[in-house]
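Before any questions on binding or motion, here is one chain by itself as structure tokens, the form predicted on its own.
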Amino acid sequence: MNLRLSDEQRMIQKTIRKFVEKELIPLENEVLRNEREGKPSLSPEKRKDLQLKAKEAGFWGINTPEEYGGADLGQMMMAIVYMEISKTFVPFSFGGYADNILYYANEEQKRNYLIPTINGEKKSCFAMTEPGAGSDTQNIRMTAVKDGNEWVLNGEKTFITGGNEADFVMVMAVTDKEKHRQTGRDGVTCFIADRSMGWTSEYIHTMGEWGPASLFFDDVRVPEENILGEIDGGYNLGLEWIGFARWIVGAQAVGAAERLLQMAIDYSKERETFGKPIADRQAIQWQIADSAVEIEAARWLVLNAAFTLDQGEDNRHVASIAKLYGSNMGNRVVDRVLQIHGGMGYTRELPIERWYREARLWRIYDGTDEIQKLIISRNLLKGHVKVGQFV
């Protein structure tokens, strides 16, 4: 058991931190200005330039298998990476990767979708959520009906990240209504559907940077060979995709909270009231202390979820814990930091209100607080996990 980063992990962490400080944080004022003017945070050209710089620095396909040209650094390293790049709200992700479930593709699908996605030639999205099936994923209503060697898809997906930019979607649809009616899990299949097959998207405006899409399928015909995985076996693929995303939200919250706490510490030393820095006030000291303790707790929950996955173990329980605690921790920290900054924290001159809006989303997407609590309590009540069990 080792609770310290290896020399390699520490070196990678340091290098990514420098990249964030040099290339991303200086763009924050531009991002805030663009948002005030109703423009995209960063232009496509700027995003591409950042990814090229990251690639030149050796950060390409951080968690992509080596056989596809990636570094395959593992989930622990992925957690560390997300903690570092989340210290800024500038939208950025290292290239050279694909969604985890796309690796279940057959050889032809890998040539047509997986490899082009890794190479940055195509963009994908994953679609499971529907207007009546958010956290209740068993309530999927989109249908896929066999017609010759094609499947005809009808329905709507919503709040799909990257749905407006995607070239293709991995979409869940009911292929056996009777099986699905009986279990809520069976009878669901994952299809790879190109935008050129006829589905359309519509931008959803939100209170933060996240700009998801609604996807519409009206008699969209998808060939048989575009089934991802096994027919009627899509639900488990969906759970695997969601399970991976959950603890990543916790990692994002840790990174943002660390940056915000440092801002609060720096400001409290400079701001004076009644002849003293507010850092000397117990009310401020306690907020700083509470934030530091909660960040540290969230960090280890996230790293434990990543470590469990690296060991090839089922991490769904610990991922739910990391997501639930981490996302709520992030909300508490940003609220305290805004309070410490007073009126200035509420303005758009500082990035705190920007994070305040973004942090509220962490408790909703990839499984709401309520769903995480349901999962955690169910695992305990049914004996899947024992109280005090080290997982």
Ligand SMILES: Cc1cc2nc3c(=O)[nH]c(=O)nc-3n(C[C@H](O)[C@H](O)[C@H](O)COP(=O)(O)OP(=O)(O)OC[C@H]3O[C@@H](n4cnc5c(N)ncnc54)[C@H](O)[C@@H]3O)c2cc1C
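Just so you know, these numbers come straight off a predicted model, no measurement behind them. All residue numbers are counted from 1 along the displayed sequence.
Same protein, other form: the form predicted together with this ligand, not shown, and the subject of what follows.
Are any of the heavy atoms in residue 371 no more than 4.5 Å from a heavy atom of this ligand in the predicted complex? Yes, residue 371 sits close enough to this ligand in the predicted complex that at least one of its heavy atoms falls within 4.5 Å.
Contact between residue 344 and this ligand in the predicted complex at 4.5 Å, heavy atoms? Result no; residue 344 lies far from this ligand in the predicted complex.
Please tell me whether any heavy atom belonging to residue 325 falls inside 4.5 Å of a heavy atom of this ligand, as the geometry stands in the predicted complex. No.
Is residue 161 close to this ligand in the predicted complex, meaning a heavy atom pair under 4.5 Å apart or at it? Contact with this ligand, yes.
Tell me, which of 187, 243, 95, 212 has a heavy atom within 4.5 angstroms of this ligand in the predicted complex? After the contact test, the surviving option is 212.
Just one of 319, 254, 79, 127 has a heavy atom within 4.5 angstroms of this ligand in the predicted complex, so which one? Contact with this ligand in the predicted complex is made by 127 alone.
Please identify, from 119-127, 106-114, 266-274, 175-183, the stretch that has a heavy atom within 4.5 Å of this ligand in the predicted complex. Careful reading of the contacts points to 119-127.
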